[in-house]
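Before any questions on how it binds or moves, here is one chain, the form predicted alone, in C-alpha cells.
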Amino acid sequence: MVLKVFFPSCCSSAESGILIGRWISEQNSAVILAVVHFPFIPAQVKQYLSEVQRVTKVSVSVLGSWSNSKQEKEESLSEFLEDLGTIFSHDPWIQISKEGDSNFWSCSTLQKHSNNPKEEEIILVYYDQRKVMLSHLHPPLDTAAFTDHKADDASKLAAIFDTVAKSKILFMTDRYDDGPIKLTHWQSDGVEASIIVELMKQASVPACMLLTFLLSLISGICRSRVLKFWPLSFLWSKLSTCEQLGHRLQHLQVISSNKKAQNHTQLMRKANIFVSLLIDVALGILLMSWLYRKNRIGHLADTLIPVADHVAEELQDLLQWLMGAPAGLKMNRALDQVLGRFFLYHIHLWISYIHLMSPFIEMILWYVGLSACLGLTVALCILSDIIALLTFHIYCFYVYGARLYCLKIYGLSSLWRLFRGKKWNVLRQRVDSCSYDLDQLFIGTLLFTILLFLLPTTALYYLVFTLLRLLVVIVQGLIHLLVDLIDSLPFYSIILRLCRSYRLAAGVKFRVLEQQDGKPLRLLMQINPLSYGSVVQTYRLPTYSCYPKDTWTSLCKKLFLGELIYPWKHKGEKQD
C-alpha cells in the first residue's frame, strides 16, 4: 500500500526534531504541519497538542521524527529518534532524514504493532503551507460530468486543505516566543501582520456603528406610512433610481452588520459588495468631476431642448406621412385622420410642456449631477428615468395603438368563432360549440367586415409606434445591463484571482522532483487557480433586475396579438 506524506517545504531546512500533524487513515496519508525542535519535554508536547486539538477540532498528534544533520548522520541520534516512537504511540512511525546539503532524502516507516511488517512504498509530497492555508478549494461547477472517482479525489484533497486551514492557531507561535516548545512552520520567523490593516480594523468599529445607526434611521423613514400612500408608492415602484437606492441600501446594511461571516462564501460576498461600492462611488465621482468642468452641464441643457424639438418634428413628419398614403397603401381615410390628429395633439402638448420646463432644465441637471457621488449606477438609473420621461409621449402612442389593435384582433377572433358556430367558454377556458340565430349571424358578419377593413390602418399605426417603443426599450435595456454588470460583478474576487491566484483554488497538480530507486518519490504539489469564468459564476452578486423569461416565439406572439411589452427591467424580483 502506498503511504503519502505531505511535507511543508518551509520545514526542509528545519533542525532535527519530531513531526506533528494529522494522520488520515482513510487515505493512508500523513499531513505534516510543523517540526518540534530539541530539547523538549514529551509531557509538555502532549499537553500542547491536546490544547491545539481542543481548539481546532483536528486530531493533531506526533507522527514521526525529522533528522537534518549538517554532517554525517550520527548513530546515537538515529537510535534516539527511533526511541521516541516508544514515547509517542503512533503507528506507523514515520522517519524522514536529510543528509547534509544533499538533495537525497530518506523516508521510512516503523510498524510497532505488526508481526509481519511490510515495506511500504512512500511518496513524499511537498506543499507550500502558506498558500494551502490561505487558499479555498472550490468544488467543481460542472457536477454532471463529475464521476464518482473524481469526486472521491476531490474529497481527499479537501481533507488536506481543511487540515492546514483549521490548524491556524498552530502557526501563531514563532521562534521569538518564550514558550517551552519551539516550532518550525511557515510563520516561525515571525507572524505575518500589517500595521495598516490593524489600524483599519480598529477604525472600522466606530465607523460601522455610525453607519449602522444612519442606515437604521433611513430604513425607518423608508418603512414609514408616509411612503405607502399612492403617489409616493407608485413612484418608488416605477423609478429605477429608487430601486437602485434601495438595492445599495441593503448592500450597506450587509457591510455594516456586526454579525461575523460564518463561512468563506459570506466573507467573499461582503468583500465583493464592499469593493463594488467603492468602485461604483469612485466612477460616480469621476463622472461628476467631468460634468462640472468647463460648464458641461450648461452645454448639455442647451442641447437637450433642440434635441427634444427635433424628435417632436420628426414624429410630426412621420404622422403626416401616415395620414397620407404611406408606401402607396390605401388606408381608411376617416380613421386615419382621426388617429393622426389625435397623436398630433399629444405631440403639441408635449412640446408645450418641454418649453415650459426649459428655464429649469439647467438647474435640474445641476442637482441631478450631484447624485453621481452616490455611484455611477445611481447616475445611470437617473439617466434611464430621464429617458423614460422624455419619451413618455412615445409610450402613450404605443399604448393607444396596442390597445386599439388588440381590441380589433380579439374582436375578429371572437367573430370568426361565431361564423364556425363556436364560442369561448370562460369558465372552462376552452372553445365549445354553440348555435346562433339569424340576427346574431347578421350582426356578427357586419361587425367582422367593419373590423377587418379598419384593421390595416390600425395595424400600421401600431407597427410604427411599436418599433419606436422597442427602440426606447433597447436603449433602457442597455443602460440596465451596465447597471447590473456593476452591481453583480465580483470585483474583489477578480482582483484576488489576478493578484493572488492561489487564494481561489480549483485543484492541484503534481510535479516530479526526484525519482530514484531506493528513495521515496518526491513530488511538488502546486495549486491550480480557478478560471476567471468560474470566479464570476461562483461569486456573482445577486441583482434586482430580471429579464423576460419569454422565448422569442412567445414575444412575437405578444407583438402579433397586441399585448403590451413592458420594459425589460421588472421591479421587486431578485435574480441570483
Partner chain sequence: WQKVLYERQPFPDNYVDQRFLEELRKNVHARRYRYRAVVFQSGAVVQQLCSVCVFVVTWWYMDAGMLSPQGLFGAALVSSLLGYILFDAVDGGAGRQESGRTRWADLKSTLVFAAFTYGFSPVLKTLTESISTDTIYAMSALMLLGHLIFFDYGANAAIVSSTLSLNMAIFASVCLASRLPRSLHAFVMVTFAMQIFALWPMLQKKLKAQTPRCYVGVTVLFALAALGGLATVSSVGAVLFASLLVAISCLCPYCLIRLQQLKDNIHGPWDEAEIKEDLSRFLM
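Keep in mind the model is a prediction, meaning the values are calculated, not measured. Residue numbers count along the first chain shown, from 1. The term rigid core refers to the most C-alpha atoms you can superpose between the two forms while keeping them within 1.5 Å.
Another form, the form predicted together with its partner chain, is not on view; read the next lines as being about it.
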> Which residue among Ile443, Leu471, Leu210, Leu349 has a heavy atom within 4.5 angstroms of its partner chain in the predicted complex?
Replying inline: Ile443
> From the list Arg293, Arg341, Arg403, Lys330, which entry has a heavy atom within 4.5 Å of its partner chain in the predicted complex?
Replying inline: Lys330
> Contact between Leu427 and its partner chain in the predicted complex at 4.5 Å, heavy atoms?
Replying inline: no
> Within a 4.5 Å heavy atom cut-off, is Phe448 in contact with its partner chain in the predicted complex?
Replying inline: yes
> At the 4.5 Å heavy atom threshold, is Leu245 in contact with its partner chain in the predicted complex?
Replying inline: no
> Are any of the heavy atoms in His299 no more than 4.5 Å from a heavy atom of its partner chain in the predicted complex?
Replying inline: no
> Out of 495 to 503, 332 to 340, 276 to 284, 377 to 385, where are the residues with a heavy atom within 4.5 Å of its partner chain in the predicted complex?
Replying inline: 332 to 340
> From first to last in sequence, which residues of 490 to 508 have any non-hydrogen atom within 4.5 angstroms of its partner chain in the predicted complex?
Replying inline: none
> Cys434: CA shift of at least 2 Å between the shown form and the other one after core fit?
Replying inline: yes
